[in-house]
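One chain comes next, on its own, written as structure tokens: the form predicted alone.
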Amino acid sequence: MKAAPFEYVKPATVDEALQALEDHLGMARVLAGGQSLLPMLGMRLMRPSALVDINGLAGELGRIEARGSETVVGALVRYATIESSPVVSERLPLLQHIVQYIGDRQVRNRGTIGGALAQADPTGEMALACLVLDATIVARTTQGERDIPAADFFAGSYASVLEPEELLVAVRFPLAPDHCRFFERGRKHNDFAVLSVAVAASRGAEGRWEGVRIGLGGVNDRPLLAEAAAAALEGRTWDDATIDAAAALAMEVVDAPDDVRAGAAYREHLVPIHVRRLLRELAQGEQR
């Protein structure tokens, strides 16, 4: 099947892109890497009136910058750039590690962080990383910018709070926790995740853990933080009993789907097992 007819717009500046989105009254879609959008157009799951190709805006949207304690990643930064960036390696090791689980080399050469977030795939690796790292998504219109915490950005399966005329222009990350772990289970290599888990925390005085964040993907209609589980670990040293209790509390946010990749019961079975395993690795300082 071919895509339905649409107008192709290639803006020379971000302002031109924003004007195009406004002119098409919410019926335009933004083309960045195209790894998710183009197949949806081909199957006519989307029928936009216009496609706004922002690939020529890498000078404005394709940079990774260290700004004091923050790290700012432009929306057009590609996965492959994140994977090889020394700035990301030093400041956001979880983000760099997670990228390796996305697709194959061809996908990582084209896909972008902004496109991944706008797609809002509930199993998406970038979405989970941004959530656990407490990122802020920057969206812009012709009227100005707004900052959206990652925890408020995802509205449901393949849905975000972005308005039709808004362009995602950057992602801002605060200082990352000192320690992190990630796990993903899929049916096969390059398939969508059945379950993903990311944990991050810093070890403070007397071995007490601070800034604990536990994120789950694939077990709800959006990636979510297991806040009760993290609260049970915050400010404490961790023993097996503490970790087991936190792993059980992680189930509070699980509302797992039944789909062609796995049943809800299987996903629910996996959650406490892998949350427990990652927390133990973190506590014991195991290298992966």
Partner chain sequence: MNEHIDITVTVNGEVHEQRVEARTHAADFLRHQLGLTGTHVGCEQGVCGMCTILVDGQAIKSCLMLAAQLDGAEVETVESLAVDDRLDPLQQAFKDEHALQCGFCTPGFLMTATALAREGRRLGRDEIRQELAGVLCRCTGYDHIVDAVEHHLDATAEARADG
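Positions refer to the first chain, counted from 1. Bear in mind that the values here come from a model prediction, so they are computed numbers and not experimental data.
One more form of this protein, predicted together with its partner chain, exists but is not displayed; see below.
With its partner chain left out of view, which of Ala231, Met27, Ala245, Leu38 would have a heavy atom within 4.5 Å of it in the predicted complex? Selected residue: Leu38.
Single option in Val161, Val107, Val72, Ala151 placed near its partner chain in the predicted complex, where near means a heavy atom within 4.5 Å: The residue in contact is Val107.
Tell me which stretch of 52-60, 247-255, 231-239, 217-225 has a heavy atom within 4.5 angstroms of its partner chain in the predicted complex. Going through the listed ranges, the match is 52-60.
Answer for Met43 alone: is it within 4.5 Å of its partner chain in the predicted complex, judged on heavy atom distances? Yes - in the predicted complex, heavy atoms of Met43 and its partner chain come within 4.5 Å of each other.
Is Glu281 near its partner chain? Define near as a heavy atom within 4.5 Å, in the predicted complex. No - in the predicted complex, heavy atoms of Glu281 and its partner chain never come within 4.5 Å of each other.
Is it the case that Gly34, even though its partner is missing from this view, gets within 4.5 Å of its partner chain in the predicted complex, heavy atoms only? Although its partner chain is absent here, Gly34 would touch it in the predicted complex, with heavy atoms inside 4.5 Å.
Can you work out whether Asn190 and its partner chain are in contact in the predicted complex, taking contact to mean some heavy atom pair no more than 4.5 Å apart? Looking in the predicted complex, residue contacts with its partner chain include Asn190, since a heavy atom lies within 4.5 Å.
Going by heavy atoms, what in 218-254 lies within 4.5 angstroms of its partner chain in the predicted complex? Not one residue comes within 4.5 Å of the partner.
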